[in-house]
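Just one chain follows, in the form predicted on its own, and it is written as structure tokens.
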Amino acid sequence: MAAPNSAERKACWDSRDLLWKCLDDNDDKAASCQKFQSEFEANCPAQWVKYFTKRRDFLKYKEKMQKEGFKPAEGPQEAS
């Protein structure tokens, strides 16, 4: 597969941005953004879709950690 040209990259990024905005506006409910998801998948190479999906998950996790801070999981406590 040839690398996307400038117009194809722009179409992909625009589709990604519209999807991410929809997800932000709908509390990450994918069902509400199915139209945007389909356009995103149609306008971007599959590998890019995979990358951008993981990137969004990471950015959301990072934002949560910066807001709430890290809280270690509660597990078995060792006796002192």
Partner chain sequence: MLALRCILGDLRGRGRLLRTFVSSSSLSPAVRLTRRDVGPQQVRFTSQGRDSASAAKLKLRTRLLVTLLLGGGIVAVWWYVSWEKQQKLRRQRVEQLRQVALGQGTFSLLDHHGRRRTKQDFLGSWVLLYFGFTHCPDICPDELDKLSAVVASLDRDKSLPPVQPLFITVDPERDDVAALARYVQDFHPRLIGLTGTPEEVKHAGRDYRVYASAGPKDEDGDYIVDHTILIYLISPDGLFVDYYNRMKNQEQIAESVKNRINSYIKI
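In this text, all values refer to a predicted model and were calculated from it rather than measured experimentally. Positions refer to the first chain, counted from 1.
FYI, the form predicted in complex with its partner chain isn't displayed, but the following is about it.
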Heavy atom of Lys35 within 4.5 Å of its partner chain in the predicted complex
no
Touches its partner chain in the predicted complex: Ala46 (any heavy atom, 4.5 Å):
yes
When the contact criterion is heavy atoms within 4.5 Å, does Lys60 count as touching its partner chain in the predicted complex?
no
Residue-level question: is Arg9 within 4.5 Å of its partner chain in the predicted complex, judged on heavy atoms?
yes
Using the arrangement in the predicted complex, list in sequence order the residues of 8 to 23 with any heavy atom within 4.5 angstroms of its partner chain.
Arg9, Trp13, Arg16
